[in-house]
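Take a look at this one chain, the form predicted alone, written out in structure tokens.
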Amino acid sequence: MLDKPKHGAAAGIRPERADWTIDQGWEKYTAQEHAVWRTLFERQTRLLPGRACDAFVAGMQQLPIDASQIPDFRRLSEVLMRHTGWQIVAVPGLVPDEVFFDHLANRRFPAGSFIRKADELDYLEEPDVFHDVFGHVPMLMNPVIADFVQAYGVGGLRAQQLGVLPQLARVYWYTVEFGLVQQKDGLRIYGSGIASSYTESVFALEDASPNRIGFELERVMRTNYRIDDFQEVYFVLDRLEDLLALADIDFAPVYQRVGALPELQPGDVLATDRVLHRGSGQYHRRASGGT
């Protein structure tokens, strides 16, 4: 599971370039690092059939991503550019908000170039190459997600100016990172934080503990999220295309309405929610020492 938001610079890191990009240094990966990638890739690809959404599966099939080695960002970018105009740029880890948004606004996805250690397969403090490439990049092959993530970058720059970044960040968290979508054949994963996590891929879809609630923009913008454990709530899209509406709306009046309402905690359920599954809450009660 991922323990921090996707953006927000790590302490002590100083960039060589103003945009925080670095060379991936693909040739410098060790045999041990490629082996960690292989372990992660193989166990996740065994787990995701019947759980990942069709767009994720299609994207994975079209990209030069396999179990043999950590992908080369240059090769990934060649394919992405032809399909949706995106490219992958390597960064040393978390980057400042304004840098992150500027990259997204210009269809550049900042990806961590390092890979977790062999004893950290299920937990990392910052997004690594497996989270960023395996989890995010297949969805960037989908035109809807490609347009939505770019619009989020543009919106993020504006939200900073308005002082409402936390509300917009929740939209990214509950969609691109931890979103679920309803397909004809059932509930499926499209969020990268779930798709790249061996344990949360099962928890998000099958565990009785979390709430699964129909996506509604203002509800999501009011809802805090967990950065240290599984999510207590997953918001579900009826279809990925619904994200396109978010790319075109004027967020200013939405921020005003949301700002006048109380924030919600991850486990809250409202009378106005479209509840697809009312969770038991048992997992998080146990985790906090309850029964």
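In this text, residue numbers run from 1 along the sequence as written. Everything numeric here is computed off the predicted structure, so don't read it as measured data.
Heads up, the form predicted in complex with a small molecule isn't pictured, but that's what we're talking about next.
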{"property": "Among 165 to 173, 137 to 145, 209 to 217, 182 to 190, the region lying within 4.5 Å of the small molecule in the predicted bound form by heavy atom distance", "result": "165 to 173"}
{"property": "Any non-hydrogen atom of residue 200 within 4.5 angstroms of the small molecule in the predicted bound form", "result": "no"}
{"property": "Residue 178 within 4.5 Å of the small molecule in the predicted bound form, heavy atoms", "result": "no"}
{"property": "Contact label in the predicted bound form: residue 94 to the small molecule, heavy atom within 4.5 Å", "result": "yes"}
{"property": "Exercise: residue 152 in contact with the small molecule in the predicted bound form, heavy atom 4.5 Å", "result": "yes"}
{"property": "Contacting member of 86, 101, 130, 73, with respect to the small molecule in the predicted bound form [4.5 Å, heavy atom]", "result": "101"}
